[in-house]
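We begin with a single chain expressed as structure tokens, specifically the form predicted on its own.
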């Protein structure tokens, strides 16, 4: 596979490495269908053409772009609060479009069935009405006023309760969750998932968490998130098609899919093809 010619995909920032990864030797990975090399000093170049990619560093990650991103990386206010626990959860490779992974992250309906005993449980299967929108002023997708019954709302908790959630999609291959912190109800925990689209149906993901938690060990926080993510991996890799359809006729949405509908409409408006069935049809 060769590098995509999708200008929308080429002009985005992508997380491609953790800044604390050891070793003096260059690392090789893939981005948008092309092999790239990450040097020990953080420089990134295409192995096909030798060209240097634009790079920037934020939140302990190295970001790269083949093109000219129209704006700087978005802000995460919680990352600047020094009393929070910062928990990078490691890279996981998935055989699916990165867009499918973002959409799965937005889906609350699967909680009782896939994350039973953690993020949901029967008979609490209904997704209450919530609001979803494309915020034109910042060019992001948001889902607000989300509530759901979760069996274990955080690593520190053992009992279930209804939780208040807010979802944010600040870039096509990034999704965030804000949840009311059990130990500090006036503050929100922030969880971000960054996707590196290696190919149309292959990606790497790294979750980062900024938590208000003074009692859990790092291992407990890491295990809680990784258990959930590995459960999601099974679901995402078994979805068909692996690419994300953007036309409503391909997958009929329900009331619970409001955030997914807004996300797909936003991607379609942008003209993104990489990782979508539209891209596969164009290449056929």
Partner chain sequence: MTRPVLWNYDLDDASYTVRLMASLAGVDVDLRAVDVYPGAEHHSPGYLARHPLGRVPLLEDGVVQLRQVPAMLTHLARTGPRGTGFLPADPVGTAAVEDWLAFAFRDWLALSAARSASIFGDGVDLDPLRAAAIAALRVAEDRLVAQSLLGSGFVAGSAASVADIALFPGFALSRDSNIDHDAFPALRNWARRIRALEGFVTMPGIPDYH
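Model, not experiment: these values are computed from the prediction. Numbering follows the first chain given and starts at 1.
Missing here is the form predicted in complex with its partner chain; even so, the following discussion is about that form.
A.B. asks: From the candidate stretches 86-94, 136-144, 169-177, 70-78, select the single one in contact with its partner chain in the model of the complex, where contact means a heavy atom within 4.5 Å.
C.D. replies: Heavy-atom contact with the partner occurs in 86-94.
A.B. asks: Thinking of 218, 223 and 227 as the candidate spot, does its partner chain come within 4.5 Å of a heavy atom on all of them in the model of the complex?
C.D. replies: All of them do, each having a heavy atom within 4.5 Å of the partner.
A.B. asks: Can you tell me if residue 27 lies within 4.5 angstroms of its partner chain in the model of the complex, counting non-hydrogen atoms only?
C.D. replies: Residue 27: yes, in contact with its partner chain in the model of the complex.
A.B. asks: Please tell me whether any heavy atom belonging to residue 198 falls inside 4.5 Å of a heavy atom of its partner chain, as the geometry stands in the model of the complex.
C.D. replies: Yes - in the model of the complex, heavy atoms of residue 198 and its partner chain come within 4.5 Å of each other.
A.B. asks: With a cut-off of 4.5 Å between heavy atoms, is residue 233 one of the residues that contacts its partner chain in the model of the complex?
C.D. replies: It does: once its partner chain is placed as it appears in the model of the complex, residue 233 has a heavy atom within 4.5 Å of it.
A.B. asks: May I ask you to check whether residue 237 falls inside a 4.5 Å heavy atom distance of its partner chain in the model of the complex?
C.D. replies: Yes, residue 237 sits close enough to its partner chain in the model of the complex that at least one of its heavy atoms falls within 4.5 Å.
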